[in-house]
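Taken one at a time, structure 1 and structure 2 that follow are two forms of one protein chain, written as structure tokens.
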Structure 1
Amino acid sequence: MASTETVDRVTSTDRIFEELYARIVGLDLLPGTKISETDVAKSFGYSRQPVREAFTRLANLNLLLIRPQRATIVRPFSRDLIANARFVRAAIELEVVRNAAQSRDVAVDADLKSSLRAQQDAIAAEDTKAFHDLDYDFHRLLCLSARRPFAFDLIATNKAQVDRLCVLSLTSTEAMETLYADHKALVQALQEEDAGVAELVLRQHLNRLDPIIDAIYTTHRTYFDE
């Protein structure tokens, strides 16, 4: 989770963390699921120790809930935590686009444009998975454009909280087109160095999650902790 700048060396802990992270965010492991250090250790063929360290990392990301002497569970959704994650992501990304609008790294412009084209292709192919990946990359490029690459780590962390929820909601073609339009408008605002418009577009973009999250809350309340 971007704590060390160099790759150094991949440890058992890293492998276990990556695997569990993907399974939790991909809802392969549902919220509330009990998950035992011993069991995971057996299934991976490692001892409890690296599993334990992977668990603490995941708990730091609010993906696991570890309680002394009690079973560790995949953290249920929490409207508070989701609101917090969205707040943080919005705060960071808004400052990113404000910075980008004022002093942009034009070397990234080509990548942004090419990302937009690829997004169009994904929409034409109705490939929601590809579009999701491109969306991830687009927001990463925004941070690069503002010369704040590190900022994307925080955005990604908080995005994961919400993404885990949104797996429950199928993305329609119209939704993708809306998001694409936002992206396009955002790039244009940045090129025109109009921080005000960029901020407005981004706020609207991020707020599009509101109805989706509300809908999931009503249909999947069992996965929430409230």
Structure 2
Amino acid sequence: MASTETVDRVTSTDRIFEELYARIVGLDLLPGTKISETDVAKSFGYSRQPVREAFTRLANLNLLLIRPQRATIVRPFSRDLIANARFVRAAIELEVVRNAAQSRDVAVDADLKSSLRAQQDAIAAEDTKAFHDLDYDFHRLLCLSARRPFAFDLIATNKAQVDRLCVLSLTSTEAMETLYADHKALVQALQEEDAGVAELVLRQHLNRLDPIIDAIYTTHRTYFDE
């Protein structure tokens, strides 16, 4: 019985975590929004224990700020946390594309091409949410291509801070087209086994966020903690 209860709690925690993660990253829950264990538990129909565990996981990703004796809030953006997350992600993903260019798993090529087609469809439909999801999965496929699937877990952990900014930045067809062009160039470099070009394209791709962060800081100052 204890084992069954543990599995049920883990499943409940996962469900709550995934739902809240999606709402926070998708900006349905804006930075600074108060969030209550009791209210979330009621909305899901669960006890507070799995909610508390989900909150802890989100706090570990710096998406929630749990304050003793005060309301838990969706963590505001932090320029320091964003900079740290981007540094770690770049270090990992540059090694990923280097590995993929030198010895990629060709079985992943079809999935990468399919992803590019789906990205084009999302752009044509002006569906920024679909494009954001496809962008996320594209970088997972890069790790598979490099035969380093575990690397995406590390990338995803550090992407959490940045993904909320990406939702704010993906507001136009032009923005999506720019990222798609990067993705297409990156796939071509991998297939041509050109590690130098792959690294250059990825650096350019990741650096596109620099002016976006500055613009969002100016236009959405209340979303930041400093």
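Structure 1's sequence is the ruler for residue numbers, which start at 1. Quantities reported herein were computed from a predicted structural model and do not represent experimental measurements. Take the two forms, superpose them, and find the largest set of C-alpha atoms that agree within 1.5 Å; that set is the rigid core.
One of the two isolated chains is the form predicted alone, namely structure 2. Relative to the superposed rigid core, residue 173 undergoes a CA displacement smaller than 2 Å between the two structures. Annotation for residue 78: C-alpha shift under 2 angstroms between the two structures, rigid core superposed. The two forms, fitted on the rigid core, differ between the two structures by 2 Å or more at the CA of residue 43. After superposing on the rigid core, the C-alpha of residue 30 is displaced by 2.3 Å between the two structures.
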